[in-house]
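Listed next as structure tokens is one chain, alone, in the form predicted on its own.
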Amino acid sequence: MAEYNDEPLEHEYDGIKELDNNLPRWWLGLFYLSIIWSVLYMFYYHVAEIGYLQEDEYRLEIDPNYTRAEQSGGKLLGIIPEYRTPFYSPAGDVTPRSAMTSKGIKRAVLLTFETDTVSYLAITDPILLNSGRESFAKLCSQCHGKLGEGGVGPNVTDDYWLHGNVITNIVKSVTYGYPAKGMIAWRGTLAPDDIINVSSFLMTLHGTNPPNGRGPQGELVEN
């Protein structure tokens, strides 16, 4: 039990006098436990980076293939990564690829929208285009319309584009998405060949002028 002292301290404020009493043991126990917990929490999430923070959990829900990007910049005392605002995303939406080091040990290589410099060519094979048509009808028509006329998403048949109308731009848009705008990354659902197929099919919709087309969005692209 806590010991109580009825003798007030020498100072007082606004008529309030302070007694020199010990804090209850249960309160002190919780206080010390919280200190231990904070140290373990800091080590688990910020030093060893074993657990995912809320931002990473959110990205993982959007993209099952998401892998946390390595922190860039210096570290406090060489241990704790420097502070970043929750809205800071240097690597953006990332996907891991397997690569071999010089010693033959596999490691994760992070490929981002910004660092992806691959160029793509549209396919013209009717069988592959039909496969792309099926993927579009199954996955894309809910937002872009059955004929590409637009709906929740933009019209993909006109001359106005938000992120470019060449095959490379389209493939990257489908691959990485734009989660902030509601466009999810399809690389967790579609294989790379399927993404090229559906992107190539989407290009065939240009100029079809379907009924009830959504108004222009983005910049006018000269063809």
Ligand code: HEC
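All values reported here derive from a predicted model rather than from experimental measurement. All residue numbers refer to positions in the sequence shown, first residue = 1.
The same protein has a further form, the form predicted together with this ligand, not shown here; the description that follows concerns it.
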This ligand is absent from this chain, but in the predicted bound form, do Ser34, His46 and Tyr52 each have a non-hydrogen atom within 4.5 Å of it? no
Does Leu129 reach this ligand in the predicted bound form if we count a contact as any heavy atom within 4.5 Å? no
Hey, in the predicted bound form, is Tyr176 touching this ligand, heavy atoms inside 4.5 Å? no
4.5 Å heavy atom contact, Gly182 and this ligand in the predicted bound form: yes
In the predicted bound form, does Gly188 come within 4.5 Å of this ligand, counting heavy atoms only? no
Who in 128-164 is close to this ligand in the predicted bound form, meaning a heavy atom within 4.5 Å? Leu139, Cys140, Gln142, Cys143, His144, Val152, Gly153, Pro154, Tyr160, Trp161, Leu162, His163, Gly164
